[in-house]
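Before any questions on binding or motion, here is one chain by itself as structure tokens, the form predicted on its own.
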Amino acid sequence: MNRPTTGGFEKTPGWLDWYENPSRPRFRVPPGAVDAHCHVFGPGARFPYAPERKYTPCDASKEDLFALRDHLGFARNVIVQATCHGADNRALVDACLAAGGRARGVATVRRSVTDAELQALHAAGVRGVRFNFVKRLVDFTPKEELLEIAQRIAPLGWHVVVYFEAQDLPQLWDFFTALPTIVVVDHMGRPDVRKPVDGPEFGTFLRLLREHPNIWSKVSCPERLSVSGPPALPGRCGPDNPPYADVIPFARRVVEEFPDRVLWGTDWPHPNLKDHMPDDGLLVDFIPHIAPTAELQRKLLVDNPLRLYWPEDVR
């Protein structure tokens, strides 16, 4: 199915539409599980895409997201502002409000944001801001501006989500470690999984987590990191045929060493993929390979996201 973008926007050539009929996962997530990284796009007719965007997605509505949530067995979502919407958080806020307390948000804001606007975002369910350092997706924002934003959101109890690529971590280290909030790293800092898990590049990322207990990591997006790709026979996934097998050692290392500071999410609707579009059910079946015990699964999917996004529900 080719999903058009509405509102007069033309989808970026080569963009793959999200998977229409995801499989039912074999792995059953624990009660209260949170998909802690997903997005909504538009619809463009109601929530126009940012003029400065570097890609135009297909529309992916809150209704589609909530249907996927229920199909996969999750209880809640954390919706992350996508770069195609810039700092216009209206689609994100609309989805959070429609979720009736079952969604929280991570917004993008500029230095010009007012205190009243931050309070309104908080009331809608926003609990963090995202700083994107992937050069092919966004233009560079001065670090002093980002630090000012972090200092302003800290009293709200929000955190900062950072997105970067592994080779850029040494240049970003001092900035990340100076932030006055919890810092959540998207997708393990996008390691090159062709390199050894015990090698210096991934070792730098692990050292960041060891030395700075305020830094967390998402162990999501194997479909972006994998070189081997999904199994040739995805319907037969199991211990001997795991999905995205080359990513497993990296994610499992992070989960097992930092079990109280990890999060997982689908990344639906999988922005800007051009090689293959993952089956979201298969992504859920990736989880027991990186969190092999019930205790690790509960921390990854329930305890940690509740502590960060719904602390009022933590007993």
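Heads up: residue numbers just count along the shown sequence, starting at 1. None of these values were measured; they are calculated from a predicted model.
Omitted from view is the form predicted in complex with a small molecule, to which the following refers.
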{"item": "Which of 62-70, 32-40, 242-250, 257-265 lines the interface with the small molecule in the model of the complex (heavy atom within 4.5 Å)", "value": "32-40"}
{"item": "Partner proximity in the model of the complex: Y163 to the small molecule, non-hydrogen atom cutoff 4.5 Å", "value": "yes"}
{"item": "is_contact(H122, the small molecule) in the model of the complex, heavy atom dist at most 4.5 Å", "value": "no"}
{"item": "is_contact(A82, the small molecule) in the model of the complex, heavy atom dist at most 4.5 Å", "value": "yes"}
{"item": "Exercise: R136 in contact with the small molecule in the model of the complex, heavy atom 4.5 Å", "value": "yes"}
{"item": "Contact residue in the model of the complex, from N132, N214, T204, S226 (heavy atom within 4.5 Å of the small molecule)", "value": "N132"}
{"item": "Heavy atom distance at most 4.5 Å to the small molecule in the model of the complex, all of Y55, R190 and P271", "value": "yes"}
